[in-house]
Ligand SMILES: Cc1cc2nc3c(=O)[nH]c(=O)nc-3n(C[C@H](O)[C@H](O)[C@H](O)COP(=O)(O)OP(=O)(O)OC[C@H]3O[C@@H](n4cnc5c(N)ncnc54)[C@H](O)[C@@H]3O)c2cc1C
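Given as structure tokens, the chain that follows is alone and in the form predicted on its own.
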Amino acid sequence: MSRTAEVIVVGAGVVGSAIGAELAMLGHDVMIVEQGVPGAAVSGASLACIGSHMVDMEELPLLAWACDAWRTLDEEIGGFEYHPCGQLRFVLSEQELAAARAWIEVERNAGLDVKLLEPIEVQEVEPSLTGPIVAASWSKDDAVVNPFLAVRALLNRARDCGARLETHCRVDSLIERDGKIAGVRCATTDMSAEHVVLASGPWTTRLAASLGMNLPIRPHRAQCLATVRIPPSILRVVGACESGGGVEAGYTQIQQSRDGQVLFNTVLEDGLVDDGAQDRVPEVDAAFVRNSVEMLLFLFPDLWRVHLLRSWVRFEAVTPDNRFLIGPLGPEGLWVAAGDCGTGFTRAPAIARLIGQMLGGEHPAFDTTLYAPERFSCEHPASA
């Protein structure tokens, strides 16, 4: 395999795979470099909900476009179990009820099909949800996908358009010459490129540090549980009503997979950890298991006899304001697309579109100031 490309994309999770496919479709010579197996980090561990409801009010145009892009991808190539099951966000207090109404007003004004349901109406949408909730919001167009198959579908599209994929190849540092990016340095070889896109999640920080840049990205524990297979019981994605977007205390997601496993988590405390944690695969926290099971049974009390089967931990990349870093970074030819904050699956097609447009010198389709790396003090020494 040639060790030279026009563009090297570091990382073959959902974001890197989407970027690789987009750039290859635009005619760029692309190499995607993955330190392990594609989708084996947080992308494969994701519950992979595709939706714009209660994510970020300022990002609604981008989120709505990304959701449409996933539907189009399913129509064009399929094969990743796209399921438009809809999403409920349960409300447990009057304070949350006010927050839900505020979200719904903004989203309806933006053209989304969302509404607030009384408990009796919730029963019609999700009969098994019999816990004592106050209300729930309902976004009928939200969907789920199989995360592994979705990454594979994007990589297949990239390779069909001429992209190359190199797995089990860890990028250790970036190569810069005369103020321009020149490639990447791996354990056994150097790879040359005019452009490098860092789509490497929590590993992005140390790669940027190899050129003296300090990115404000930290690893965040993403923990999940799964039950044994049971008959169809949960029809929708069920999540907690949030007063703001991003990863925060009280986040819950519950859904049932196509093969019958109930997948669920509840994040009740800060999961930020120091750099290096993402290199290990720890066990889930006992408190996380207890809190998640309590929430599951609070909402779905009829599941009390169901046995847990497995658990897993991976690491998201989180920024201080819970938004991606997307755009040029440091030396000419270096780009970043990292900081998923737990919602990278939805955004992946839109991030790929932005990188493709910016790298090609086009005007971006969406407001990039929300994601501009320069909003933080991470300047390259030569440009500081």
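Residue numbers run from 1 along the displayed sequence. This structure is a prediction, so every number in the text was calculated from the model and none was measured.
What comes next is about the form predicted together with the named molecule, which does not appear here.
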Among A41, A350, L334, L325, just one has a heavy atom within 4.5 Å of the named molecule in the predicted complex, namely A41
Going by heavy atoms within 4.5 Å, which of 197-205, 302-310, 211-219, 96-104 lines up against the named molecule in the predicted complex? 197-205
Does at least one non-hydrogen atom of A48 fall within 4.5 angstroms of the named molecule in the predicted complex? yes
Can any non-hydrogen atom of K115 be found within 4.5 angstroms of the named molecule in the predicted complex? no
Heavy atom of A21 within 4.5 Å of the named molecule in the predicted complex: no
Residue-level contact is defined here as any heavy atom of the residue lying within 4.5 Å of the named molecule in the predicted complex; does G356 satisfy this criterion? no
Could you pull out the residues of 122-139 that have any heavy atom within 4.5 Å of the named molecule in the predicted complex? none
